[in-house]
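One chain is shown next in structure tokens, namely the form predicted alone.
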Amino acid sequence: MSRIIDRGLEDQSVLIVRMGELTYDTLALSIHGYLEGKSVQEQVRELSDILLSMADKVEDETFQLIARFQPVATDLRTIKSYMKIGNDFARYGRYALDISFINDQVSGLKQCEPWTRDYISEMSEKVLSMVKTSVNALKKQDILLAKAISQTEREVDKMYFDYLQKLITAENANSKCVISSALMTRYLERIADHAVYVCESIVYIVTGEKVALG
């Protein structure tokens, strides 16, 4: 027998999944704009604002569900986790906006050696795959898929710190290239962290287990 609260939980689940799909599109637009030297800041800003609005709606629905239905422990775990995931998705949007801003204001990738663009492109692909994994794991409530994100996260971390080391030891590096690429790799590393946080929340929703996947 279905409960009254189940409809509210389903609505919240649908909203969170929609946020995840929009998040991926927003990040892909911003990252590809950066790699191609194409201005997408206004488009990304609109999408980022939509994500913030959706996160606010998730939060509002969370408080309504708690106030109206006094959810049991398992329901409360899901509601709380959805609100956290909504905030993580909103952070994705903020990082996407930051990337588009750096592209417009510094556009330093054009000043970099070709290998730098290839390096950031590879790192970007890994990060976008992590975001897609987190969204798919959320849709399917798949804890095995969620836990599989750990390996890619370690690879992204290694690429980030290796790149910083390359910058430290580089001679006569172009200042715009250094600023732009250092910020870009940092944003990518942070996006990867949030993808891990989302997957940790998924494991918690399904099993009640608090895990550290990073």
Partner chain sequence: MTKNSISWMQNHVRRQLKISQNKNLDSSTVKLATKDLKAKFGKAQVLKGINITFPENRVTAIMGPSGCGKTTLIRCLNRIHELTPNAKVEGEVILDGVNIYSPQVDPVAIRRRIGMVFQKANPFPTMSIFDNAVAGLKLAGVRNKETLDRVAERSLRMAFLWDEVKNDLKKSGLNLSGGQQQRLCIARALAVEPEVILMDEPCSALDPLATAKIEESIAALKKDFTVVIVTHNLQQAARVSDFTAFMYLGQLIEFGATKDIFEAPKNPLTEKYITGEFG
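Model, not experiment: these values are computed from the prediction. Residue numbers count along the first chain shown, from 1.
From this point on, the text means the form predicted in complex with its partner chain, which you will not see here.
Only one of K80, K139, R91, K126 lies close to its partner chain in the predicted bound form, with a heavy atom inside 4.5 Å, and it is K80. L76 is the sole member of V106, L76, I143, C112 with a non-hydrogen atom within 4.5 Å of its partner chain in the predicted bound form. Residue contact check for R7: none of its heavy atoms lie within 4.5 Å of its partner chain in the predicted bound form. When its partner chain is considered in the predicted bound form, Y204 lines it closely, a heavy atom lying within 4.5 Å. Under a 4.5 angstroms non-hydrogen atom cutoff, its partner chain in the predicted bound form lacks T169 among its neighbouring residues. In the predicted bound form, its partner chain stays beyond 4.5 Å of every heavy atom belonging to Q165. Picking from 169-177, 52-60, 35-43, 66-74 the stretch near its partner chain in the predicted bound form, with a 4.5 Å limit on heavy atoms, gives 66-74. Residues from 191-210 that approach its partner chain in the predicted bound form with a non-hydrogen atom closer than or equal to 4.5 Å are Y204, G208, K210, in the order they occur in the chain.
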